[in-house]
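Shown next as structure tokens: one chain only, the form predicted alone.
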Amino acid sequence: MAKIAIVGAGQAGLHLGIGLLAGGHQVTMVSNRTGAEIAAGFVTSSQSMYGMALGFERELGIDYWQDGAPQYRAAQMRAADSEGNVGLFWQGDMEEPGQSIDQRIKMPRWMDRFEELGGDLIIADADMAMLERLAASHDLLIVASGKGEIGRLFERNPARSPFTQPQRVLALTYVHRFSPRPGKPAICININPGIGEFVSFPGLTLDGPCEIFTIEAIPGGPMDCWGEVKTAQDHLAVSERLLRDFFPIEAERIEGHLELTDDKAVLRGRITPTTRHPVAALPSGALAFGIADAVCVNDPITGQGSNNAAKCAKVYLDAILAHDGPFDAQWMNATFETYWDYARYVVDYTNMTLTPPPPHMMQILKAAETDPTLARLMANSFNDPKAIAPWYYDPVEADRFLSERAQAA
């Protein structure tokens, strides 16, 4: 069996590491924080996950919250202006429920499981010297961290990366006193055209069930006002003001005033959606293989990040378990291309939401208002953006698809 090193103990790294241990491989995992430090830290993600990705966790027996955390079985999309005038609304049921588990709960439990299975967990800030040591002592080095010096190892692929700067200013918040949407629990996408988006869904955090939301501000617009925010309470106050000013329909869910679940339940930042070449050479010439966000990161507007991490880990896990031979550059590139055959749809799905929608996309979304079957297809696209190819991504195919549906009606 192979000796494999993984740098980064997040959704992708731990998922892969646990799967490899179960498959009989020796695995070393490097994390820059202990489980206790993660649990005591700030939130790291909104981590909305859907049926396919949750199923991959279930295969490994690490779906510890399957029955104990809030679930949502629907998705809705609304486009409305700051006065609440609605230009678009549809909602549809999901075939399998979605779920969001605070990674301050999830990652420490997975780290424990990794060690229970015999994995070697190292707590350290991985630098280039450590990567060299790991590459020399292991058959395969996988990088699951996209930050700092290590993240810069992997070169941007311009053919697969249309953006060179962030398309949104992001503000994530975990709250109480924000009532569930009317009807069945759902992931709710709210768009104020030309200004930004508000995305919310139920989740499980340190003190129990909560609502998780992300405000996505178009840079330079009226919601791009986070520069002077310093404290968690400042963050909460700005979030509530923006919700009341720009998403008045959703603001009706506020029970008096929003309340943070804890004083570290906030996160702000900007992400440049980027796909990178998956293979990098260390100074010694040894190779590192990037996984998930380290080589393909998307804006969180469509809730794909943790799902992509699980799906990429599944592809890599299957490829490693089936492989007999050296983990060379050819194998690495071929394995990533297997993942890219899926991920390219996620990239297009997300990027189309970040930019002014092309006419065929708007025609599909408008049709979903009066076509319940189409609304269900769109609701389930959160789980699998590839399932709505080619008609969602290609204007000619969209015309054909809509014409066929009109004739059938």
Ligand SMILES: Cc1cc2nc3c(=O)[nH]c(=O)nc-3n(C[C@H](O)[C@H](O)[C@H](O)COP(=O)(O)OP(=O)(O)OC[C@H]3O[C@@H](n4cnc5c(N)ncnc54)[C@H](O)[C@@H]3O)c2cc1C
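A residue's number is simply how far along the shown sequence it sits, counting from 1. Keep in mind that what you see is a predicted model, and the values were worked out from it rather than measured.
One more form of this protein should be noted, the form predicted in complex with the ligand, which is absent from this view; the next part is about it.
Trainee: If you check in the model of the complex, do Q76, A375 and P385 all have a non-hydrogen atom within 4.5 Å of the ligand?
Mentor: Not one of the three qualifies.
Trainee: So which of G119, P108, P300, P202 reaches within 4.5 angstroms of the ligand in the model of the complex, heavy atom to heavy atom?
Mentor: Contact check passes for P300.
Trainee: Identify which of V238, L317, I271, L153 has a heavy atom within 4.5 Å of the ligand in the model of the complex; exactly one of them does.
Mentor: Here the answer is residue option I271.
Trainee: If we take heavy atoms and a 4.5 Å cut-off, which stretch out of 218-226, 120-128, 327-335, 178-186 is in contact with the ligand in the model of the complex?
Mentor: Of the stretches listed, the one contacting the partner is 120-128.
Trainee: Can G148 be called a contact residue for the ligand in the model of the complex at 4.5 Å between heavy atoms?
Mentor: The answer is yes: G148 has a heavy atom within 4.5 Å of the ligand.
Trainee: Taking heavy atoms only, is N32 within 4.5 angstroms of the ligand in the model of the complex?
Mentor: Yes.
Trainee: Although the partner isn't part of this model, could you tell me whether N380 comes within 4.5 Å of the ligand in the model of the complex, counting any heavy atom of the residue?
Mentor: No.
Trainee: So in the model of the complex, does any heavy atom of E197 sit within 4.5 Å of the ligand?
Mentor: Output for E197 is no: heavy atoms all beyond 4.5 Å of the ligand.
Trainee: Since the partner is left out here, which residues of 307-334 would have a heavy atom within 4.5 Å of the ligand in the model of the complex?
Mentor: Result: N307, A309.
Trainee: Is the CA-CA spacing of P283 and G146 tighter or wider in the model of the complex than here, given a 3 Å or more change?
Mentor: It is farther: in the model of the complex, the C-alpha atoms of P283 and G146 lie at least 3 Å more apart than they do here.
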